[in-house]
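There is one chain below, alone, in structure tokens, taken in the form predicted on its own.
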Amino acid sequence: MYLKTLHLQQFRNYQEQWVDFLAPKTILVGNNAQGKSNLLEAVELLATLRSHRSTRDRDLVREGELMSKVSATLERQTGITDLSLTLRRNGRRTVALNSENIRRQMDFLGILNAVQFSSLDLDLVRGGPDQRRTWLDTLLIQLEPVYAHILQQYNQVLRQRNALLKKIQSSDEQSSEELTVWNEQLVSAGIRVIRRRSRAIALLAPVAANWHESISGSTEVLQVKYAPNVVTADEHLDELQQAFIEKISSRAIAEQHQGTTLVGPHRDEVELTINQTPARAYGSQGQQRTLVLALKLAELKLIEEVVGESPLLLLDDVLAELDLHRQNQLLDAIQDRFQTLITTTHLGSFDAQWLKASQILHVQAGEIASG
């Protein structure tokens, strides 16, 4: 797939900006806080309807404006598609394909595929389980767009069940028939999340391990394991349902005391180990960067295999975070296989061949100029 054009209107610090992508690689160069990352964020939103930098649409609308719009023209094997996302400071977002509004946002997903790699991704290793779950869920949405709906259903059940537990906690009730209904819904929705997460990690783990072995010079072994909150020896549906129900029962008193749901995939973990030692405890910054780089390269390959086309690669100021060896590993892996958008504060990290093959855009105060 190839992103041909991008149009930003009142998005972040951009008033109105058209960008035509004229080469497989585009380097966005400029000082910090000029708008380079904002442009990559706009592409990420079109791919996943999520931003890893903000959870609120109003943060994406230019100061003093009521709404913003991100539009793009994408070329795929099936033809050319126009995509647009409208964000409102105080209202619901809307999406459109080929100028027709789409009622279900899920139908917008999977049109544009992209893998984002930024310095914030180092928190995949250093951060808490919630960051690893978000990373896995974002990948799953691209592999299987219906997963966005599945995850939304689970989160709705979780919110309702938590509200009921709070109510029980405040009224000192010991049990509730209504809670039994929500237990059943939590199990039903939760199993759909668990099985898809498990399947995705099973596909991703060996690919990431191979990349990690290559980058580390075969000196380290990476293991990526899915550690679900509900554990069962057999992933058969009946076994999983039984394990889920039994764990809810075992935590019932604690849940009613704390007023929150303690069982389910919202408490899952993705374990990252290097040479059988947890990466958080083990790794130097260089080793942690190698791990994240391996995960990102595995994401690219997995999406490419599942979707049947190469996704876009968005590199947000990561070359400065990598030493020369890791930079070369990344740039060699990209070649001309993936359309790549790279932000940087200077061009010193790129060799002459890369610069010659790239479109170079200068970003300053929300305005982009070629040169």
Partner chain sequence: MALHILKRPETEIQALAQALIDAKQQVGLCSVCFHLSAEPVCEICRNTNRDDHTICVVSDSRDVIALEKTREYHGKYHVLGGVISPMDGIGPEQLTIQSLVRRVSQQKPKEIILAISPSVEGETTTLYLGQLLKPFTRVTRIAFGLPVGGDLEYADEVTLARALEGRRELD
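Residue numbers count along the first chain shown, from 1. In this text the structure is predicted, and so the values were computed from the model without any measurement.
Beyond the structure shown, there is the form predicted in complex with the partner chain, which is absent from this document and is the topic of what follows.
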Can you work out which of 184, 75, 239, 213 has a heavy atom no more than 4.5 Å from the partner chain in the model of the complex?
184
Only one of 280, 88, 149, 199 gets a heavy atom within 4.5 Å of the partner chain in the model of the complex. Which one?
149
Can you tell me which of 259 to 267, 103 to 111, 217 to 225, 287 to 295 lies within 4.5 Å of the partner chain in the model of the complex, counting heavy atoms only?
103 to 111
4.5 Å heavy atom contact, residue 92 to the partner chain in the model of the complex:
no
Heavy atom of residue 275 within 4.5 Å of the partner chain in the model of the complex:
no
Is residue 246 part of the interface with the partner chain in the model of the complex - any heavy atom within 4.5 Å?
no
So, residue 251 and the partner chain: in the model of the complex, are they within 4.5 Å at any heavy atom pair?
no
Judged by heavy atom distances of 4.5 Å or less, which residues of 140 to 163 approach the partner chain in the model of the complex?
149, 153, 156, 157, 159, 160, 163
